[in-house]
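Only one chain is included here, represented as structure tokens and corresponding to the form predicted on its own.
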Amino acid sequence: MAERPVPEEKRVFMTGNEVVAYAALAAGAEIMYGYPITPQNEIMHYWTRLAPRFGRGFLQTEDEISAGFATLGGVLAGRRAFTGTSGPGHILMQEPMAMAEMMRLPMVAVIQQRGGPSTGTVIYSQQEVTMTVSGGNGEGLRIVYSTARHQELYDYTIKAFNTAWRYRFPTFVLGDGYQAKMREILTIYPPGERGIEMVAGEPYLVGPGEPGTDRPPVHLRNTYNVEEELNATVMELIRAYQAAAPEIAEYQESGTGDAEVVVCSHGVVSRVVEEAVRELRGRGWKVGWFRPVTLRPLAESGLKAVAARAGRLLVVESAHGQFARLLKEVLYGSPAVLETMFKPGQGFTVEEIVARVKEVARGGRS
């Protein structure tokens, strides 16, 4: 038996859910709490097959609410705990996720999006963006990585554990049903061999020494009875989040220097957008693409700079404006023209995007 779940760097051919399980093991995750729901199920399946071989744990709870709170319990005990869910299960987890936001608990959750409303399709969508970035009765003080490829599922699942424990905000890896189920070639690796030092977990409770004598007692709260006290706490959280946001925000761009139209997308849709833009540039069209990797916090300075240069943006997403609303909030007051291409619960073809970009470039509107 190997001493490490991923003893060396190697090329593999895996489903996205299998990738997440291996990445969590490589990141040093100690326990997963979860409840079955498609298309996330196989994260649990692969984890339960692998985890016992490496001294890791798993608990299937009675529902997703319990899975979320159990994950927070593991975190409070200093365990590198995580969970995964989708769609209706994600809705149920909003209460513990809001608690994690208020108490600055480093919860890690992998979300494999599915369509809605209600149970909807179990295959694919980008319709869980709003819920992921701002769900719960809080201010959306969360970190959200939107992945496009299996390699990113591996990389950002590992990174999520470091980001969560370093900044102490709930952190999400936002995939989808396509990424969860399809197989793809990628490279898995031990984080240390890439120079990635994993941030150690530490208990919030049951620290060394006697509280009040050897150390200050721990005070953990997520409820407040006085408005002024709640306001002061939330504002302190917001200041901490805003200070960390520039260090956390990530984006990718290509061809935006001379672009007259920039196509904006996130997640798996970015794959076809990149291909469409390459094809258009090969034909002489001045087109670029912009992709936020973090949907929360959004890379505001990068987006504003691209919008100022191009003047015309085309937002492509498999939802009806959830991603576009994030961009509009940042670009409010900008003279840039924002066009859209929405297909809730459906994927895109290169041909569709090429045709829409040409229409936008010629002054056509949706």
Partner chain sequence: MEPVMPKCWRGESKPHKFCPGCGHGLVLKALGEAIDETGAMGRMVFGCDIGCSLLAWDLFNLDSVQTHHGRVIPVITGFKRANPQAIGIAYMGDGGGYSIGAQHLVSAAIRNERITVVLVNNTQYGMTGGQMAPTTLPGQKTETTPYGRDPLTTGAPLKGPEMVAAIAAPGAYVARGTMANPRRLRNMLGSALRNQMQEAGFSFVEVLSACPTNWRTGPTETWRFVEEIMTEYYPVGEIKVPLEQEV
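Numbering follows the first chain given and starts at 1. Please read these numbers as outputs of a predicted model, since none were measured by experiment.
The same protein also exists as the form predicted together with the partner chain; that form is not shown, yet it is the one meant from here on.
When the partner chain is considered in the predicted bound form, only one residue from Ile185, Ala243, Ala77, Met182 comes within 4.5 Å through any heavy atom, namely Ala77. With the partner omitted here, the residue from Gly195, Pro117, Pro217, Gly282 that has a non-hydrogen atom within 4.5 angstroms of the partner chain in the predicted bound form is Pro217. Contact with the partner chain in the predicted bound form holds for none of Glu247, Asp258 and Thr349, as no heavy atom of theirs lies within 4.5 Å. At a distance threshold of 4.5 angstroms between non-hydrogen atoms, Gly207 is in contact with the partner chain in the predicted bound form.
Under a 4.5 angstroms non-hydrogen atom cutoff, the partner chain in the predicted bound form lacks Glu329 among its neighbouring residues. Using a 4.5 angstroms threshold between heavy atoms, Tyr46 stays clear of the partner chain in the predicted bound form. Proximity of Glu253 to the partner chain in the predicted bound form falls outside the 4.5 Å heavy atom cutoff. Only one listed stretch (334-342, 29-37, 301-309, 314-322) carries heavy atoms within 4.5 Å of the partner chain in the predicted bound form, and that stretch is 29-37.
Interface residues of 64-79, taken as those with a heavy atom within 4.5 Å of the partner chain in the predicted bound form (partner not displayed): Ile65, Ser66, Phe69, Ala70, Gly73, Gly74, Leu76, Ala77, Arg79, in sequence order.
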